[in-house]
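Only one chain comes next, encoded as structure tokens, the form predicted on its own.
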Amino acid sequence: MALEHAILVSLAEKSASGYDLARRFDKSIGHFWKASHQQIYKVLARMEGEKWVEAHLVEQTGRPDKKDYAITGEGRDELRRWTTEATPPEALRSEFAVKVRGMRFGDRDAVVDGIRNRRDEHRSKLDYYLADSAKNFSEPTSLPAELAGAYLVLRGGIRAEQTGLEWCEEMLNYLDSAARSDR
């Protein structure tokens, strides 16, 4: 997937300025597709050249004018075409997992601290996702069809964080047991 497709999805949901789009990435799409604000602006300019988006100038009082981007018919066609492509398996690359595997060759205590930090990050993100779910999807069986994708991706995020949290707890329990049996 290219950043262009993530932006098309976001703009299909709601038009936005580049700044608002970048903030939207920070709060939602960015949890599974990272992009800097600079990358977003660069790609928006390219997409405007491809006629996938169009910008409308919005005058602002006391501030510089801004561009509000909207998806075009060509952009919707590209989004439709892209959704028909098979998605290749996504390779897992994890520096964290390599450090855990190699802890016997390095600083075991630092790696265990890293596991604790990762556990806390999973717990924090899980809490965020659960709060989002309670706020926006309290009745998932009665959601309008257009919110199904957002709900399902949020559920995937919840499950991924639950799994990550459980894995960290499992590692810490195992390492604690192993340390006790070595005494």
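Counting begins at 1, following the sequence as shown. In this text, all values refer to a predicted model and were calculated from it rather than measured experimentally.
Omitted here: the form predicted together with a further copy of the same chain. The next part is about that form.
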Open item on the list: Test of understanding: in the predicted complex, would K34 fall inside 4.5 Å of a further copy of the same chain by heavy atoms?
Closed with: yes
Open item on the list: Using a 4.5 angstroms cut-off on non-hydrogen atoms, would D20 count as touching a further copy of the same chain in the predicted complex?
Closed with: no
Open item on the list: Does any part of S133 reach within 4.5 Å of a further copy of the same chain in the predicted complex? Heavy atoms only, please.
Closed with: no
Task: Partner proximity in the predicted complex: L152 to a further copy of the same chain, non-hydrogen atom cutoff 4.5 Å - done: yes
Open item on the list: Is it the case in the predicted complex that D26, R119 and R123 each bring at least one heavy atom within 4.5 Å of a further copy of the same chain?
Closed with: no
Task: Stretch 64 to 93 - residues with a heavy atom within 4.5 Å of a further copy of the same chain in the predicted complex - done: R76, L79, R80, W82, T83, T84, E85, A86, T87, P88, P89, E90, A91, L92, R93
